[in-house]
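Consider the single chain below, provided in structure tokens and representing the form predicted alone.
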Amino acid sequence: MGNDTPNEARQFWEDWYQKGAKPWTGRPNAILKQFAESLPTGTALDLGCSEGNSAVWLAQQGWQVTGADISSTALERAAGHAADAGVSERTHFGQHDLSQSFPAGQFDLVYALYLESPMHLSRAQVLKQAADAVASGGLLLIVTHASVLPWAWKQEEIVFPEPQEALDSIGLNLDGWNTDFLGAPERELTGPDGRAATVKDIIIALRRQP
């Protein structure tokens, strides 16, 4: 996977969406919603926005949202969902292979939800850029899997890091940051086949000091 080219990564995700994947639910990510509801509205950056579930919801709450994704198909669908919700003026969606390019600007909320890929992704580099994009007083929210989904198409023996290990692996300079939350709480989830399961997520929430 380390030898994947940008074109191969882009094509992988285009095929994934065009062959039937439609992850639109009309609902935001529950963890993002929990954190965002306590924040004043401002500007947000959604890294790996897919079809815009969270971006459209934030825009409905009054945020100005920039969404970035590698797939033009996902971005076209996200823009369509934003239009249907009447929030096109508060959303902007742009195509980025985040290992190669990154949205410009500073944002009050920058979030990366399950920014994981079977294709090569310079994840630590991307998350460092995400931290750089957080404005003074703003929040960086990173959410990753900490358990295998029972209905995942491929079951593997995976050793997940502890929350502190996950944070350390990014290599951020935490001078000037406060940790709002660092942990791996459990939550109940219903899968696409109707099965219920208890899963864990690693949540990293860092606030840049004013």
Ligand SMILES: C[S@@+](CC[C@H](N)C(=O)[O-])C[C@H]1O[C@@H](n2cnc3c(N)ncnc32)[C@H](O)[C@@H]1O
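Predicted, not measured: the structure shown is a model, and the values here were computed from it. Numbers for residues come from their place in the sequence shown, where the first is 1.
What comes next is about the form predicted together with the named molecule, which does not appear here.
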property: Sole residue of Val87, Leu98, Ala78, Leu139 within 4.5 Å of the named molecule in the predicted bound form, by heavy atom; result: Leu98
property: Exercise: Ala135 in contact with the named molecule in the predicted bound form, heavy atom 4.5 Å; result: no
property: Residue contact check: Thr66 to the named molecule in the predicted bound form, 4.5 Å heavy atom; result: no
property: The named molecule contact at Gln129 in the predicted bound form, heavy atom, 4.5 Å; result: no
property: Contact flag, Ile70 vs the named molecule in the predicted bound form, heavy atom cut 4.5 Å; result: yes
property: The named molecule in the predicted bound form: contacting segment from 177 to 185, 33 to 41, 47 to 55, 161 to 169, heavy atom within 4.5 Å; result: 47 to 55
